[in-house]
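The form predicted alone is given below as one chain in structure tokens.
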Amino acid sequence: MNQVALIDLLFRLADDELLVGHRNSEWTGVAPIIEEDIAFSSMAQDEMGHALAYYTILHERLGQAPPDQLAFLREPHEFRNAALTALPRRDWSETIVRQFLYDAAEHVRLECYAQHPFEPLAHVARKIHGEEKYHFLHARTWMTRLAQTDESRQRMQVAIGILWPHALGMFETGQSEQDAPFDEASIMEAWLALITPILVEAGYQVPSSTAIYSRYAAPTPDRIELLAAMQKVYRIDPNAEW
């Protein structure tokens, strides 16, 4: 993989983790049960730590700006996150579906990248795969739990339909096509093989739509709003020492 493609890949990974971590943190204090307050706070911390690891590689190995500047001083159009990660907190069904679809993608992606020829990325993938495995287990448990009644299963099915095109955008080809098994088509195939039997067994229908929301499109209002809130304090005084 050439350096331009590698930088693009690491920005996609880092930006996805940073933004979904921020969205997870918004459940702190308002989750439906105390246990989920703790769970989503912990997952938010994990995801932001993973983003830091990717930004650190970009800075130390690929000549990009320091991690804090990459997170807090880039403009919305410079971020390469999947649209799924920036969607606002609306209700519990959409949050759980997003976590399930996102964490399943992370699960298969990290298994793949653990063998990546760029060793710094392979090392990080091996290191954080264990945390993401538990994130996926948490989301999978809730997907099954919320399929137990007609009302909750229907609400979850609606959420699946809404979020599906956003989720497919996670697998959009980057600036340079990668070789299998690292190309996005192969990773999406593994993702579908993982989630389809889980969804079917729980009684959900797997959408057939192939439409996607591109991560390279103009920044969505959700991304702009999220970054304005997330970057506000840092931008007050970027040179402050904490």
Partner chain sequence: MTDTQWLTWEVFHQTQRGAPHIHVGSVHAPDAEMALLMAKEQFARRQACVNLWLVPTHAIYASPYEDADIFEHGTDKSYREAFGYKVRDRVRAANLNDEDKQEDIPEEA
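No experiment lies behind these values; they were computed from the predicted model shown. Positions refer to the first chain, counted from 1.
Unshown form predicted together with its partner chain; subsequent notes refer to it.
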Is residue 189 close enough to touch its partner chain in the predicted bound form, meaning at least one heavy atom pair within 4.5 Å? no
Its partner chain contact in the predicted bound form: residue 57, any heavy atom under 4.5 Å: no
Is the gap between residue 64 and its partner chain in the predicted bound form 4.5 Å or less for some heavy atom pair? no
Taking heavy atoms only, is residue 201 within 4.5 angstroms of its partner chain in the predicted bound form? no
Given 165 to 173, 75 to 83, 101 to 109, 132 to 140, the stretch touching its partner chain in the predicted bound form at heavy atoms within 4.5 Å is 132 to 140
Note: exactly one of 217, 193, 38, 206 sits with a heavy atom within 4.5 Å of its partner chain in the predicted bound form, namely 38
Report yes if all three of 90, 149 and 158 come within 4.5 Å of its partner chain in the predicted bound form by some heavy atom, otherwise no. no
